[in-house]
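What follows is a single chain, given as structure tokens, in the form predicted on its own.
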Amino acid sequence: MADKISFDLVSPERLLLSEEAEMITIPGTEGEMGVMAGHAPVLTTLKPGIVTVSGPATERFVVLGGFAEINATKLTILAEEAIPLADFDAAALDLRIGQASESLALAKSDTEKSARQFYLDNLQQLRHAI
């Protein structure tokens, strides 16, 4: 039996999942990351994407940003917003994409434009992944 890693997925509203998993795939800002027991300590930001929890059953959640704290025995995700993929509303994502586009058009500085474009791009990638 493979070693397992303790995993907690927390949103501002509630604890969505707390269990032992074989592997968790997270949408890190620097790229997708697979996390298993024995992982090196890392603190990373999350971009909009899908968290996949592999264990006896596979569970998937949509996250719209947040942070992940990883060590050899535990992964904790503090999500800005997290929703089970089965409950996710694609129409709400389309609305969010429209709002992000409008926000990008109103950006005044290059720094603002870059950050808003990055967020919009990630929302659009998420839309294609669902």
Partner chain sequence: MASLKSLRNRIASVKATRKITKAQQMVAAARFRRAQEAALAARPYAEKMGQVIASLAGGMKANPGASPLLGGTGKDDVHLVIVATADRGLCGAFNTNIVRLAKQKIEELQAAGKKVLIFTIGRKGREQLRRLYGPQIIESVEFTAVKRIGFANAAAIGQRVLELYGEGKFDVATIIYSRFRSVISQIPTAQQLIPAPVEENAAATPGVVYDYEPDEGEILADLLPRNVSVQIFRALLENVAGEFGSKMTAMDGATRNAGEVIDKLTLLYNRTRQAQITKELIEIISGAEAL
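Positions refer to the first chain, counted from 1. This structure is a prediction, so every number in the text was calculated from the model and none was measured.
FYI, the form predicted together with the partner chain isn't displayed, but the following is about it.
**Q** Exactly one stretch in 100-108, 51-59, 74-82, 87-95 has heavy atoms within 4.5 Å of the partner chain in the predicted bound form; which is it?
**A** The contacting stretch is 74-82.
**Q** According to a 4.5 angstroms non-hydrogen atom cut-off, is residue 13 in contact with the partner chain in the predicted bound form?
**A** Within the cut-off, so yes.
**Q** Examine residue 33 and determine whether its closest non-hydrogen atom to the partner chain in the predicted bound form is within 4.5 angstroms.
**A** Yes, residue 33 lies within 4.5 Å of the partner chain in the predicted bound form.
**Q** Test of understanding: in the predicted bound form, would residue 41 fall inside 4.5 Å of the partner chain by heavy atoms?
**A** Heavy-atom contact with the partner chain at 4.5 Å: present for residue 41.
**Q** With a 4.5 Å heavy atom cut-off, would you call residue 70 a contact of the partner chain in the predicted bound form?
**A** Answer yes; at least one heavy atom of residue 70 falls within 4.5 Å of the partner chain in the predicted bound form.
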